[in-house]
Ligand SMILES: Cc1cc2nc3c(=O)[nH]c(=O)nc-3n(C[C@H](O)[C@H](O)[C@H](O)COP(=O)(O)OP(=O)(O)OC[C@H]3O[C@@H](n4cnc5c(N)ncnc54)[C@H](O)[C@@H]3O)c2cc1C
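Take a look at this single chain, the form predicted alone, given in structure tokens.
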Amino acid sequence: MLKVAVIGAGVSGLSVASLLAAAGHKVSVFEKNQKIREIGAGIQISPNGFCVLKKLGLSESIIKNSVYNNSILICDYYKGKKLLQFDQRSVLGNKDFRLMHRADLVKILYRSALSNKVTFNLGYNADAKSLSDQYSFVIAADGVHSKTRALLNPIQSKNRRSDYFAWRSIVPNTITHHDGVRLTVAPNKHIVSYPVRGRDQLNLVLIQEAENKEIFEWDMTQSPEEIKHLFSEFGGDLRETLDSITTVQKWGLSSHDIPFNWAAGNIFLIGDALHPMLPFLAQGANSALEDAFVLAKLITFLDASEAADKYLEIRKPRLLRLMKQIKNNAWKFHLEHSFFRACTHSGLRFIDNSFPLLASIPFRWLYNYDVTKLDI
């Protein structure tokens, strides 16, 4: 039985804590906030993340508290006209792509951890180095601005600004939004929308290219009228949705190269502490769940040095491919030149009318991956 410390009670911290505790280890979670909470709004759980939740025995709770994402719809911003829509079942053959509120996911993971007898130390600003002498392993799930990542990688200690701003809001679902993700693209900006909480609400993520001057806080608020003005060119039924915004949170997006050191001694990085990523493929939480399963398995059977090498071997190629795809999406979503936009949109309409199943092919490597079936 190992004695494991986990720093941070977000998706990655709670999931790795539950997995380790379910395997019979003694796990303590250290969370700097006084209570378990999650800032944010909606979250997409794609099948590659859902399989880990299923392994934890949480599939029924997740399905009960989420909406099935039956298709991805891409629209043009001006009048909201469809460019391409493809059925997720053509990719997956199942219903394991869920849309839910992030707070609901964290609540489910927290209850899972408690049921597996994980100990929680709330209001505790933990330091990985000091904990490493007291525990067999220390897993740093301390998020995008991880102090542990900086400790292990002093040369790479600083996040890079991305020059994107994002806004999140939850609004009543008063339009005929389909049960899936809608991506509405425009020059230098886009909006992602999808239903959550019994389809009564819509989650909105609005992203615009703008110099963010290293403003990376999650809890900034902005006037709804400013947002309506910034995205005033968006038409169709999305216009009604934007008009219904009453509260909105803003933050400047940041990114970070995958660090050189994933571990040092018995200290390991996981989730956003290891690979903070831009939200252009909705894979932050899903990648964290994959990390959690792999790392929980490795430290159960291997010593720290062997586990570190194997962790890098299994996870790095997939993460590098994912980062490349995210970068490509950032460019594709915000096409500015009218000629490129026209050509791209014509291509999407042609695929939609003639070969809609082709649209699913680029996602298969990502969504059909089941980390729980790896030979670890």
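Position 1 is the first residue in the sequence shown; the rest follow in order. Everything numeric in this text was worked out from a predicted model, so none of it was measured.
Not on display, but discussed next: the form predicted in complex with the ligand.
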query: Contact of residue 77 with the ligand in the predicted bound form (heavy atom, 4.5 Å); finding: no
query: Distance check, residue 288 to the ligand in the predicted bound form, heavy atom within 4.5 Å; finding: yes
query: Residue 50 within 4.5 Å of the ligand in the predicted bound form, heavy atoms; finding: no
query: Proximity of residue 5 to the ligand in the predicted bound form, heavy atoms at 4.5 Å; finding: no
query: Option touching the ligand, based on a heavy atom within 4.5 Å in the predicted bound form, out of 168, 98, 182, 256; finding: 168
query: Heavy atom within 4.5 Å of the ligand in the predicted bound form - the one residue of 126, 108, 281, 207 that qualifies; finding: 126
query: Candidate site 37, 43 and 272: all three near the ligand in the predicted bound form by heavy atom within 4.5 Å; finding: yes
query: Among 112-120, 67-75, 135-143, 256-264, the region lying within 4.5 Å of the ligand in the predicted bound form by heavy atom distance; finding: 135-143
query: Stretch 10-36 - residues with a heavy atom within 4.5 Å of the ligand in the predicted bound form; finding: 10, 11, 12, 13, 30, 31, 32, 33
